[in-house]
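Each of the two blocks below gives one form of the same protein chain as structure tokens; they are labelled structure 1 and structure 2.
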Structure 1
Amino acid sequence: MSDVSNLIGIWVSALLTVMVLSYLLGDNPLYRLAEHLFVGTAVGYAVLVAYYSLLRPRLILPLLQAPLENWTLVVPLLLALLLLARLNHSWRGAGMAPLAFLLGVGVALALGGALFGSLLPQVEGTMLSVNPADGGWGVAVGNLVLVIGTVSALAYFYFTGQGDTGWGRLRAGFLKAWRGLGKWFIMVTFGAIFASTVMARLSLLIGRLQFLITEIPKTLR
């Protein structure tokens, strides 16, 4: 990019930054304009990514260049047309098939991902040694805290277990105690996540202010 386009770019981004920051004074037309420009560019960019990264290389070009070799792509093409038919109210029902397809694939991926990407690795990661001989007392106590935290936080999401019999009441009381402990661990997690989010957002704010303070004077030299 040339120096002139860079210069214009820096001024445009500075102007947009100030327009967004003007929201601190209250809702105003400048902020709303910036907000709408943001949505406009985001949607436009998403359209281009969808076309150039997915539709063109995976559907349009293979069908145009070698239609006989890629005849199976007729299926997603047909499903895509049915999906587009949802734009017309009288054809809305036709869009059920591509949605059903997307849901089937999406649910299977989510299920497989949850099982092999979350559940099993997290369970494996929780099987930690609490023997001080393995890594010292600090690590052993820490691991014990981690295991208790995991089990109790999981128990917090266990909503059944009430009972009328003596054994049932004992079980319910035990679960209630675990749930209480789990709630505290979840609170620690929320506090840590909140603090990390505050730091991330502050870093962004410092970055934007630094941009305004350092880049604009450079363009005036």
Structure 2
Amino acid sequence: MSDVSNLIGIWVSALLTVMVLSYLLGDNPLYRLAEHLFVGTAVGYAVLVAYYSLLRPRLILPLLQAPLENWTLVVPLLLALLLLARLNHSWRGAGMAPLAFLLGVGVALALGGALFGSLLPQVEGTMLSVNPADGGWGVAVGNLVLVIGTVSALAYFYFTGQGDTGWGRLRAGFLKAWRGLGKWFIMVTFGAIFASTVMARLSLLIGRLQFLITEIPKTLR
């Protein structure tokens, strides 16, 4: 029975792979069917994971087993029920409160993550020694390039008007030079990110082609 299930799984996987790759010939019903199956499966999986890992152990079971000790969980339960009210057009107003709460929490988490997860670590990561005695000339040059790249990239997003005095024009010219250097660092960074993304997609494509070439002939023996 396991061999039959494995065989069916291989052929279904191969068929879906071919349906997805058919997009290379243009948009077609086979690709859209595979896309809909993928989205539906992903949504179903996300719902099951949310229920069994979050809602059931942290909300439903505590309220059923010890409702008096976990009475505070009624608040998120009511917010969730009010959020479902947005499915009905006449009750959409009742769903604004949980939606506003989710938006506020999301913005706070995004700002906190950007500050403590990106900005401060980036500042701390650029506090490097450029003294060759600390790690050699290679480390010193690498640290110097990192510091210059970070400062120039930040200067690219700093906009100021040109002053009328000689000092103002000198400062504007200095910032313009830094912004130009930062632009090149940003372009190199985006190019590296794009190349990494392309390599990841090519790795996925090679993996699926190897699957079609190696696994399908095995099922025909």
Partner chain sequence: MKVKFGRSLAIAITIGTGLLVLANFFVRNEFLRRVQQTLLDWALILAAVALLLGAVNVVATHLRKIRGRRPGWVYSLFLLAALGTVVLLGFLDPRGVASPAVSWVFLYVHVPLQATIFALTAFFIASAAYRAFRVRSVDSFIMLVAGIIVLLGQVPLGQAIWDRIAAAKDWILAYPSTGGARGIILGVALGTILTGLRVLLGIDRPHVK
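Keep in mind the model is a prediction, meaning the values are calculated, not measured. Definition used throughout: the rigid core is the maximal C-alpha set that superposes within 1.5 Å between two forms. Residue numbering: structure 1 sequence, from 1.
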| property | result |
| --- | --- |
| Of structures 1 and 2, the one that is the form predicted in complex with its partner chain | 1 |
| Shift of Leu99 between structures 1 and 2 at or above 2 Å (CA, core fit) | yes |
| Displaced residue check between structures 1 and 2: Ser129, CA, 2 Å or over, core reference | no |
| Distance moved by the Leu115 C-alpha between structures 1 and 2 (core-aligned, Å) | 2.6 |
